[in-house]
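Take a look at this single chain, the form predicted on its own, given in structure tokens.
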């Protein structure tokens, strides 16, 4: 098992030792929700993992600044608000509050900021103007596009050539110079809210929104960017292209850590597929501890099929474990506790291997270590009080996450 934290970096397509910045906090950003609907189990899995990752980084002694954006400028929100007969801003605000409740319900406590992209429109306009001024963007049919031909590294995160990326064209338009070019500013959709800009009333493109948030808070480079792996192209490729074109600093992000998808019926869980299971419903039926156990029992890079039967079994197992709970208190042997925690860290250091870490914690709750040896209740309780704080699952009678 690795002595220090090793994580899989999508940018290099391999596991790397995590090296914290020489100064300041570890800066972490994760793509957050587009609030056209309530949080579903797929979102919950992603947010639980990144919360656990940040908890673990802090356990290792790192100071961490963790930001997540809220996309509240989007055609899907405008359409949902119109169907509901309310203003888009009011609709988005109500869904954001619902997201906050679900985040609290899941025990997600590590965020330094949960920010609305609509508050960063001036920064988006400044970034777009700078890209135009430096020749990395152009106007066509009232839309400002990023000129991907000027950026030679497109495809580095997806590990695909331009020719391969062109098999997945985006924002189809006869006015673009290239199939791979993406919008930075565009006319607002019919009936949608309008924002003033040097290029007329309109909306920021999707990709410039996150870059505006991270450049405001983190500067030219930061440490970890997260999100589901479906965002690698075009979203994260576009973020890299914009930022590196503006600053010349490479890499824009040092470690790209992508999460797998939750599927239902063999398809990605999404509103468009009609196969959503809402987070608020599984929280009300099973509770946060069982839900987190279930999510963390799958490795973060793994796609998996949502199985409510498995979730129910996690709840039963958790309830059984709690029938004779360990109680944190005095009497633990410091050396024995450190050996148990060292074993746990060895598992988490291997690219956040939460399935094995959860299995170890469950065994420890039964007073058995990872090798099947009996553990004193006092030692197990002391170790589990720490592990509980990392995994966000209550394994002991008294602890604060």
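These figures come from a predicted structure and were not determined experimentally. Residue numbers count along the first chain shown, from 1.
Here the subject shifts to the form predicted in complex with the RNA, a form of this protein not shown in this document.
Colleague: Answer with yes or no whether residue 262 is in contact with the RNA in the model of the complex, where contact means some heavy atom within 4.5 Å.
Modeller: Yes, residue 262 sits close enough to the RNA in the model of the complex that at least one of its heavy atoms falls within 4.5 Å.
Colleague: Does the RNA come within 4.5 Å of any heavy atom of residue 178 in the model of the complex?
Modeller: Judged by the heavy-atom cut-off of 4.5 Å, residue 178 is well away from the RNA in the model of the complex.
Colleague: Looking at the partner-bound form in the model of the complex, is residue 356 within 4.5 Å of the RNA by any heavy atom?
Modeller: It does: once the RNA is placed as it appears in the model of the complex, residue 356 has a heavy atom within 4.5 Å of it.
Colleague: Can any non-hydrogen atom of residue 160 be found within 4.5 angstroms of the RNA in the model of the complex?
Modeller: Close contact exists here: in the model of the complex, residue 160 approaches the RNA to within 4.5 Å, heavy atoms only.
Colleague: Heavy atoms within 4.5 Å of the RNA in the model of the complex: which stretch in 242-250, 267-275, 133-141, 100-108 meets that?
Modeller: Of the stretches listed, the one contacting the partner is 267-275.
Colleague: Just to confirm, with a 4.5 Å cut-off on non-hydrogen atoms, which of 296, 88, 231, 282 contacts the RNA in the model of the complex?
Modeller: It is 231 that has a heavy atom within 4.5 Å of the partner.
Colleague: Looking at 55, 345, 27, 43 here, can you tell me which has any non-hydrogen atom within 4.5 angstroms of the RNA in the model of the complex?
Modeller: Contact with the RNA in the model of the complex is made by 43 alone.
Colleague: Does any residue in 25-51 get within 4.5 Å of the RNA in the model of the complex, counting heavy atoms only, and if so which ones?
Modeller: The stretch 25-51, when checked against the RNA in the model of the complex, contributes 31, 32, 33, 34, 40, 42, 43, 46, 47 at the 4.5 Å heavy-atom cut-off.
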